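Shown next are two forms of a single protein chain, provided one at a time as structure tokens under the names structure 1 and structure 2.
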Structure 1
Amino acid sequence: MIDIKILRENPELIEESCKRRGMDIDVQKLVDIEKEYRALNQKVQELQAERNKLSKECKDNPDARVQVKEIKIELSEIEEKATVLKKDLDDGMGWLPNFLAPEVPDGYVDEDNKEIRKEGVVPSFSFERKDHQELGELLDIIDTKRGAKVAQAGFYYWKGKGAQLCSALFFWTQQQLVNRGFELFMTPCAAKEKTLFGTGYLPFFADQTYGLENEDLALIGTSEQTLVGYHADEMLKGEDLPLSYTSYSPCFRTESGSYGKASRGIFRVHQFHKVEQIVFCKPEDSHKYHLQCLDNEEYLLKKLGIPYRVVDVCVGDLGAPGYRKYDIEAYFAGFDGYREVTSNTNLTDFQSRRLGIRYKDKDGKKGFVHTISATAVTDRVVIAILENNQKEDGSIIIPEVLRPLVGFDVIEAPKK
């Protein structure tokens, strides 16, 4: 949420931000609504003061009683109009995007993202490489057909040693983050509309949300929603910041992507699994913790032996709540290219204003916290392991750091 003082005092900043994002929002109309609403509120206060004054005279002054009745009628009309304006104002403010960091690259497609660096060695193969769908079927560790039978297309099963590999990755990742100062959570898999609005998923990503019929609930698209919502309407102690939280959860999104090579297999699906990083911090520290979360993501991929590149995400791919975002794109041998596996966004005070999450220092200084939301790992990282660590017979070499957890070094095709 944008500070309403900026709308009053410097609306051109908001207009510039919307224009850069390519969002067609009538900021001047919103300015006029806010001005009219503020004037009505002032009139209400004046009439209430006059009514209270006259009410004290009603006992001995018949004219005062008549005036009080007239004021009540006028107040009712004004308050009714103010209620409509307040809704229009709230709706309009809810659609305003966050401001953008000056460094955010311009552009509207993935190709406009700015590469910062590449890390790791891209694997070479002396045989025709397979993608994760082929490998999953060969090894009997991914089952999309039965996923579609039980649910629908876009749902799937990990099974056998594939499920063990996933479980090991998610558990190992949580251990690594706990060792780096994160507190571990297990969160609800559903959230109220207020929580989804507060975290910026509504109204901007309403088409990606699985709502529950006849309930003020939706399945979460990420544990960011429930972890950030955890402190809604709270005043945090400044001396306790930063607060760093992590959680593993299933995630549900209605959009499953386009057909073709890019969406083959389980790369873009309705349900996936993720370990998330969330940081609440003071405004002056958000850049620091944004980079720290990026460092955590890179550390994990390096330990797993997955080559990747870091990109500075362009305006059109950033998402309305974000101030600045870094994506990490891992190399996928079956795809023969780099594809997104993590996103790391500095949301500044956008979420905390919508959710009422503030902090107070010992000296009495108050403010809205800044939030960082960063992926640690998802199923996509497992896919990268499968594709990059494949052998000619389709077997998969397990990353060394995960072997103690899975109890084996290789996944081989079942014997017929």
Structure 2
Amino acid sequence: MIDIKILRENPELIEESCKRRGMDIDVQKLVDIEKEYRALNQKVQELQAERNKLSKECKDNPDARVQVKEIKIELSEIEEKATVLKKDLDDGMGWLPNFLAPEVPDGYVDEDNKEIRKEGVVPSFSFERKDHQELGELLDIIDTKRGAKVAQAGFYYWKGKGAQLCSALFFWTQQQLVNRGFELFMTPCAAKEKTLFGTGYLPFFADQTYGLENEDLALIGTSEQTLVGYHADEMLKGEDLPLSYTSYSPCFRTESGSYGKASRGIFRVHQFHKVEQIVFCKPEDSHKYHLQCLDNEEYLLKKLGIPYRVVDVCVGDLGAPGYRKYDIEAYFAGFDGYREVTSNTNLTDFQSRRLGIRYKDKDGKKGFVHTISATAVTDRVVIAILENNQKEDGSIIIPEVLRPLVGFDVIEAPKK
């Protein structure tokens, strides 16, 4: 949510960021609604003041009762109008995107993202490489057919040593983050509209959400929703910040409208699994923790031996709630290219204003916290391991750091 004072005093700033994002929003109309609402509200308050004053006189002045009754009628008419305007105002404010960091690259699609650096050595192969779909079937560790049979196309099973590898990766990642100062959570996998609105997923990503019938609940698209929502309507102590939370959860997304995109295998699915990083911090620190979350992501990929590149995400690929975003794209040998595995957004006070997450310092200074939302790992990292660590027969070398957890070094290919 954008501070309504900015709408009032510097609407050109909002127009500018909408324009840069290519969003067609009538900011001026919103300014007018706000103005009208404020005038009406002022009138309401004047009448209320008069009413309050007169009611105090009622004990010894019977005429006052009659006057108050008249005021009440006038008041209810104006209040009715004000309520309508307030709703329009709230709806309009809910659709305003966050401001943009000045450094965000211009552009409309992911090809416009700016590469910051490349790390790791891209593996070379003396044989014909397979993609994860082929490897998954060969090794009997990914089952998309039965996923579709039991649930729907876009759902899948991890199985056997593949499932072991996933479990190990998620567990290991959580441990690494705990070692880096994060507190571990297990969260609800459903959340109500208020929470989804507050985190910015509504109204902007309404078509991505799996709602539950006859309930004010939807399956979470990410545990960001439940972790950030955790502190809704709370006043945090300044000295407790930053609060760094992590959790593992399934993530549900309808992915409507994305069928055209490269989606062989389980790269883009209706349910995936993610270890998330969330930071609540003071406004002046959000840039620092944004970079720290990025460092955590890079640390994990380096330990796992996965080559990657970091990109500075462009305006069009950023998402309305985001102020600045770094993606990491890992190298996938089967795809022979870099594809998104993590995404790390500084949301500034966009979510905290919607959710009412504030902090108070000992000296009484108050403000809205900033939030950082960053992926740690997802199933896609497992896919990268499969594709990059394959041998000619299709067997997979397990990354060293995960070997103690899975209890084997290789997922062996079946004998012919």
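Given the structure is predicted, the values throughout are model-derived calculations rather than measurements. So that the term is clear: the rigid core is the largest set of C-alpha atoms that superpose within 1.5 Å between two forms. Each residue is numbered by where it sits in the sequence of structure 1, with counting from 1.
Between the two displayed forms of this chain, it is structure 2 that matches the form predicted in complex with the RNA. Relative to the superposed core, residue 391 shifts its CA atom by less than 2 Å between the two structures. Superposition of the core reveals a Cα shift of less than 2 Å for residue 380 between the two structures.
With both forms fitted on their core, the C-alpha atom of residue 60 sits 7.1 Å from where it sits in the other form; this compares the forms between the two structures. After superposition on the rigid core, the Cα atom of residue 51 is displaced by 2.6 Å between the two structures.
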